[in-house]
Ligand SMILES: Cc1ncc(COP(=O)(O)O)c(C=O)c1O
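Only one chain comes next, encoded as structure tokens, the form predicted alone.
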């Protein structure tokens, strides 16, 4: 029979194959007394992966049309009308029909490789365990009594923690707020989801940086938003380009990471921040400021945030303890107008009935203690050492093959490879060499870029990781 597969169609190949077989069963091409082609044979015949045939047969089996028989192959179901045979759901159809989109395939691959292999990890955007304040947290949990409640807490988060964060952002970020304007979230990621799901609607236009880690988040596409890209150069974003985007597309919201941006490491000047706020105020466009890194300045200087300069309430400020204390605590927060916080709080309560009280208690006691300030000082010293190491290793092993700007804070360094290279082949070669990183295309429209994160590995493994990457690059043409 003819297998007319349309490889340009949006319909998955496995489903096209399943439909052809289903039609063949209906017209007698595949009779009940003869086996269907084997998975291996059909994959070769149609020049597809065997997993594609497996998915097609799974689809047919779930619909009660075929049955798999150990030792005798796959045959058309004798009870094709389902009179006696129970049917299982077609899970592949459900998976593809969901409105909440999965991560990009490359992102899924990176995560899988990091979980399954012992690789030098220059990809994961979190601290290594030796940078976590384990001794301090153990002392807090072992010597201080838990005074929180074990029932559902306030929808916006524990009131004591919100008061502590009010003082914290005033002391460390020069942000003037109050507890009623704060929502505790499960890290910054949940905060972003709440903002997108509650404050925007399908068809709205938003601006994200290019490159940006927002680029590989499916939440914007899942919500049906139109995303427009604001280029990030060595000096960060140009506010004038933001204005041009708004004139063309009527932007509804702006998402920015002004301090030691992920992945470029750029830091916006105060003059740039003020211009962005002027544009926001003049056109009534809210700005979502994602600030994971402003406490990590290697120069030890206070970093101005958009929210600290915001006098009109145009900025929704998102931060967390994930990048400076421990990702596993899952403590983040949003600061914004009270009405907005109440709306987001209502949505969060629908999802999880509020944040876990135990981790809020630990976070509160740690932020309030003398441990916090000491930890940040030590963390910045260690991150600077690792930043220096990766810069040294890049210059030693790659010299004139890459170019990069040296970040003055944060945990990432953004490198441009000075020649055309097959990005996926380079990644495969690097994994074989035992090192993993984030390909540039997953973070923006630019090719021949890579993002290395220097917070997850120590100085020795950073050096070895760049060595292995250089070997992989030199073997990739």
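Positions refer to the first chain, counted from 1. Owing to the predicted nature of the structure, the values given are computational and were not obtained by experimental measurement.
Just so it is clear, the following notes concern the form predicted in complex with this ligand, a form of the same protein that is not shown.
Among heavy atoms of residue 376, none comes within 4.5 Å of this ligand in the model of the complex. Residue 397 falls outside the set of residues with a heavy atom inside 4.5 Å of this ligand in the model of the complex. For residue 213, a non-hydrogen atom is located within 4.5 Å of this ligand in the model of the complex, even though that partner is not displayed. In the model of the complex, this ligand sits within 4.5 Å of a heavy atom of residue 192. Residue in contact with this ligand in the model of the complex (any heavy atom within 4.5 Å), chosen from 255, 366, 317, 293: 293. With the partner omitted here, the residue from 239, 187, 155, 133 that has a non-hydrogen atom within 4.5 angstroms of this ligand in the model of the complex is 187. Considering this ligand in the model of the complex, the lone stretch of 270-278, 349-357, 321-329, 368-376 in range is 321-329 [heavy atom distance within 4.5 Å]. In this stretch, 104-131, the one residue having a heavy atom within 4.5 Å of this ligand in the model of the complex is 125; the partner itself is omitted from this view.
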